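So this first bit is one chain, no partners, the form predicted on its own, shown in structure tokens.
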Amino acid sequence: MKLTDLKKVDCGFFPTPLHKLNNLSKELGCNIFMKRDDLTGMGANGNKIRKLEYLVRDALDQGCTTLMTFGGPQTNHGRQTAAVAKKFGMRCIIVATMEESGPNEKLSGNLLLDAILDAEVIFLDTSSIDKTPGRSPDDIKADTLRLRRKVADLIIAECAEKGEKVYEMPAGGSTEIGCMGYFFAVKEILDQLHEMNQPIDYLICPSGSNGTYAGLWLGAHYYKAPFQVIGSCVSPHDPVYVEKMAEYINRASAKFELGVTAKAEDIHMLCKEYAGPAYDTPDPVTFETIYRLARSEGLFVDPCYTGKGFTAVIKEIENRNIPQGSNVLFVHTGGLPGLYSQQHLEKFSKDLWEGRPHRIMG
């Protein structure tokens, strides 16, 4: 497939802003910039809109009537998929891997927005999977994927009986087509930097389902961008993770005949450094970053994705892995509804409210 054959729908507001963080730049001794993909314009914003522009076009071209995707109960991709589905007259089904609180989780964060958008959230009950201590995480993950596949097939069959055709997207919309949203975002970034007459040495983004990083890396090499793309994982991964990332990039490059090849040693991923104990698990370092950015620049990042990603910016500079005086660009991928999810609200209450003196006047 030629790159010129790739089509999309329009549902985002682009280009998103790119600006300097003056106060933190002075504090850290580097020129720090932020690409504001928390302002993409639909469904409470976020990076998935760039992917969905291409994925939804593919779905419509195939005559699909329903978008189905996967994630945790607080999936940002699910919420943005639901918003775009409504714009194009489609149904949305989100298969959410059930956490301990399961479907009884309070209606908060993305779950609230999913409900407002009338998305159908189906909780995947993983209680039948053997999770005894000492069992390999890879085996548990494989069992979860098999169960997810079984449930997805049942949903597709149910929809077919009603005359509906399902377009299935993996978590994060991270397919060869989906990652092209961030492939083209590189050209947008380069155009903005050229207009600003501003060089960039490092581009840093949070990395969860791989599509954003893969697209940025592929675009940076295709367009010969003069910066290194660094991904900060939001879940702790072993080094083998970079091999899978390289394979993903190469599949996308081959699909669109881009002539770019990635090797594992070419991939700069911070696999465990700032991921915290687990995915979407509150950790004190990430919350320090949330407070520091808000109190220095008046900007918010979330505890699951962008808080960990921006921690990488701060710590890589403070630890001198990024030299003083460097020009650093952080891609803010959104996710702000996560600030209002139940588990994180409890952490904020302890940090910011309980035991804090309050004044009543009047």
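When you see a residue number, it is the position in the sequence shown, counting from 1. The structure displayed is predicted, hence computed values, not measured ones.
Below, we refer to the form predicted in complex with a small molecule, which is not included among the displayed structures.
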**Request:** Considering only heavy atoms, tell me if residue 334 and the small molecule come within 4.5 Å of each other in the predicted complex.
**Result:** yes
**Asked** Should residue 231 be classed as touching the small molecule in the predicted complex when contacts are defined as heavy atoms within 4.5 Å?
**Response** no
**Asked** Is there a heavy atom of residue 210 no more than 4.5 Å from a heavy atom of the small molecule in the predicted complex?
**Response** yes
**Message:** Given that the small molecule is not shown alongside this chain, does residue 289 nevertheless sit within 4.5 Å of it in the predicted complex, heavy atom to heavy atom?
**Reply:** no
**Partner-facing stretch of 27-35, 63-71, 46-54, 321-329, counted where any non-hydrogen atom is within 4.5 angstroms of the small molecule in the predicted complex** = 46-54
